[in-house]
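Shown below, as structure tokens, is a lone chain in the form predicted on its own; questions about how it binds or moves come after it.
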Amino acid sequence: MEADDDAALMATFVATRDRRVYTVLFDRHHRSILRHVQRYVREPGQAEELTQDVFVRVYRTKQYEPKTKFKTWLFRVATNVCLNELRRPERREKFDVIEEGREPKGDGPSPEGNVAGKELALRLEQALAKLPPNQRAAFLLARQDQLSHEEIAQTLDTTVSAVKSLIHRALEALRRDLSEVQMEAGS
């Protein structure tokens, strides 16, 4: 494994419980974990709450051996927190997978182009929300967070071939859903 300063910091934190070391890790990764969580939940308050849950789990970690890059381990913790929350029946309807406030760019400044772009973004958001949680997680980790297949496999505790399959199935489902949108628009 390559040198990973954050893994060394985490190992130091677990050994010493030095809050200054934890604060360095928190400051370095809070924004990226918040963005990751926001892909699962639409409400900013819920996203912040789940992000705090992730960092509470990191803080409470009693043993840490850097078998993977720290970032991969941290994304695994965050993904598990999000997937557990998605599985809660009372919360199921409240989750979404596109960052709030993100709007697609139209082909030009025309109002028709902007409306079409917003409709497509909404359909994409709905199609992503229909994906099974592991497919959605693999797809978002690959496309949004740009993790490698190996890092995603470690994050989701699965094999690289399973990750490839999850991403492939997610893409096929998205293509199907979005081709239906094109057929509806052409009618």
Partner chain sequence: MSEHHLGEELLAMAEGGGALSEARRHELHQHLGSCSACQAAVAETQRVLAMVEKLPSLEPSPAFARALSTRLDQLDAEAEDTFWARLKAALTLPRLAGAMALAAAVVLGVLLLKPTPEPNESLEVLEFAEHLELYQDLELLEDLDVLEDLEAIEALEAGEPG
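None of these values were measured; they are calculated from a predicted model. Positions refer to the first chain, counted from 1.
Keep in mind that the form predicted together with its partner chain is missing from the display, and what follows is about it.
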| property | result |
| --- | --- |
| Interface membership of L86, its partner chain in the predicted complex, 4.5 Å heavy atom rule | no |
| E151 within 4.5 Å of its partner chain in the predicted complex, heavy atoms | no |
| 4.5 Å heavy atom contact, R17 and its partner chain in the predicted complex | yes |
| Proximity of R35 to its partner chain in the predicted complex, heavy atoms at 4.5 Å | yes |
| Contact residue in the predicted complex, from L147, L124, L156, L131 (heavy atom within 4.5 Å of its partner chain) | L124 |
| Members of 139-167 lying within 4.5 angstroms of its partner chain, judged by heavy atom, in the predicted complex | F139, L140, R143, Q144, K164, S165, I167 |
